[in-house]
Every structure is written in C-alpha cells, then in structure tokens.
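In the form predicted on its own, a lone chain appears below as structure tokens.
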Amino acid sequence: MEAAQRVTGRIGFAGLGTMGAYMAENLIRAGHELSVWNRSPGRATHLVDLGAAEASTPAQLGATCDIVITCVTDAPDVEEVLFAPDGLAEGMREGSLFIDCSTISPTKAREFASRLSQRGIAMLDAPVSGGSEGARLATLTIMVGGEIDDVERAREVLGALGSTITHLGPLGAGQWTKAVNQVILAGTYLAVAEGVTLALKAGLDAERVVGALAGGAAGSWVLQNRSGRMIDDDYPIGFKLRLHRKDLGIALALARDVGAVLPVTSLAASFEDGLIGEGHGDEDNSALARSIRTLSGL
C-alpha cells in the first residue's frame, strides 16, 4: 500500500460478539488506535485493558473515527447502529468510511450506502468467512463490494482482520459472494455429516477415515475442522446454527430473485429449522449432523 493510502486515524468498531471481539482485538494488536462500542454493556473490558477507548453511543464512536467497522447480526441491527438516534451516521464526518462486516442482503447494503452517501460518508460491504477461529487468528476471508478507492483505503485495516481480501465489484457484491459461500458450506456440512454417519454405522474408526480422506479430493475445511464434532456429537460454538439459517434465508431469497434452484440449500434450511425448533440454534452449525445421525439411528 502506498503511503498516501496508509491509515493514520482512529478506527471504530461496533459489535463485540463472538466474531467482533476477536476482530477488534486484532486491530489493536496490529497497532491501530481503536474505539469500540457494543449494545450490551461489559463486552469491551478486555479491549479497554489492551488500550481501546470505549464510546458511550455509536454517534460518539463515529465522531472520533475516520473508519468505522460493524459486525452485527442482521440488517435491522446494522440499520439501528447507523440511523437510530445517536447512531453512527449522526457522528461520522463527511469523508469518513463505514465498513460493514455483517452478513445482510445486498439490497439492504445498497440502501444503507445510499443513505450514507447523502451525508458524504462512503461504505463498503465486507462480510467475512472463517468462523471464530478465523476471527481469532486474523485469517478471515473478506469479500468486499464498493468503490475501488474505498477498498484501497480500507485494505490495511482489513489486512489486520483477514488473510484473503477480495474486491468483488460494486457495493453489494460482497454480500452476493457471502451468499454463495453459505450455499456451498450448507452442502459441504451435509456431505461431511453423511460421510461421518456412514463411517460410524459401518463400524469404522471415523477419525482414521477422516485422516485418510483429508488430503484427497474429499478434503475440505469442514472435514478437517468440524468432522470431529460430528463424530463426538458435540457442537461447541464456532458459528451459530441460527445465524447460518438466517444467511441461508438471504441466499434462498436471492436465488428466487434470479431464478436459481438450490435444492441442497433448501434441504439444509429445513434441517436447520427443525434443529432450531428443538433448541439447538445456539450450537455450532456443524450440528446439522444431529439430523443425519438421528435419521440413521445414531
């Protein structure tokens, strides 16, 4: 990055959940001056101990920062952080940059960008993939939509959060790409769950089976990082199943809009609906294996 594009001002971060807290910490460790805000109190303590300043409102956060990042649950949460009384938009200055790392619909991302542009504030949609591990290790994949000059302005900051940063096109393209990501993951989780279940039903050592397959054509991040949970039938949080179901809802709506048929995604969504109804929505989304195991008598 050229010197003129280096970030010298304070960075703001709103949304200190499972992913956001790690992302904010990595910004501090990369040497950025950071201010933070979270809707639920008490989430910023360890970041303040590391040197962050804590804002009392999103507006105060925006007023002190040149670039502000959000990582929250869904479009209504982004809208509230931005445009509610004392929201970010009230505080952010003309010429500042807003980066949304949440997963929302491309339509809502473009709507928010339009509203911000009326105030002279630029926006990037930059959803992430990699789960809590990727957030903690700063190895997230970041899918970016927006103007190229804004992407280059943000690249150093995003580089503190992830190892793969790809500009996909105009604003909204990042969210479209994240939808594709979640569709592929849905099928992969189901496939790995079926494979693990088949190995278990056959009486094989499922861990050895996974080890044998991991370096071949069946290898994947899900096989390497989530098959153990499926074997143990224990699903500690990495990325909540109910959030994955929300993302699949976005993908299925987009598919209807463009006339794409996604039968595997629809099946995964149906399984996730059942699991959420049974109280498993806050488990890792590898809990999809619960459905396959149950159908197979495990």
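All values reported here derive from a predicted model rather than from experimental measurement. Residue positions are given as counts along the sequence shown, with the first one as 1.
This protein has a second form, the form predicted in complex with a further copy of the same chain, left out of what is shown; the following refers to that one.
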Would a further copy of the same chain be touched by all three of 37, 84 and 171 in the model of the complex, meaning a heavy atom each within 4.5 Å? no
Quick one: which of 139-147, 115-123, 90-98, 67-75 gets within 4.5 Å of a further copy of the same chain in the model of the complex, going by heavy atoms? 139-147
Residue 183, heavy atom within 4.5 angstroms of a further copy of the same chain in the model of the complex: yes
Does residue 259 make contact with a further copy of the same chain in the model of the complex, using a 4.5 Å heavy atom cut-off? yes
So, residue 235 and a further copy of the same chain: in the model of the complex, are they within 4.5 Å at any heavy atom pair? no
Is residue 194 near a further copy of the same chain? Define near as a heavy atom within 4.5 Å, in the model of the complex. yes
Residue by residue through 160-179, tell me which have a non-hydrogen atom within 4.5 angstroms of a further copy of the same chain in the model of the complex. 164, 166, 167, 168, 173, 176, 177, 179
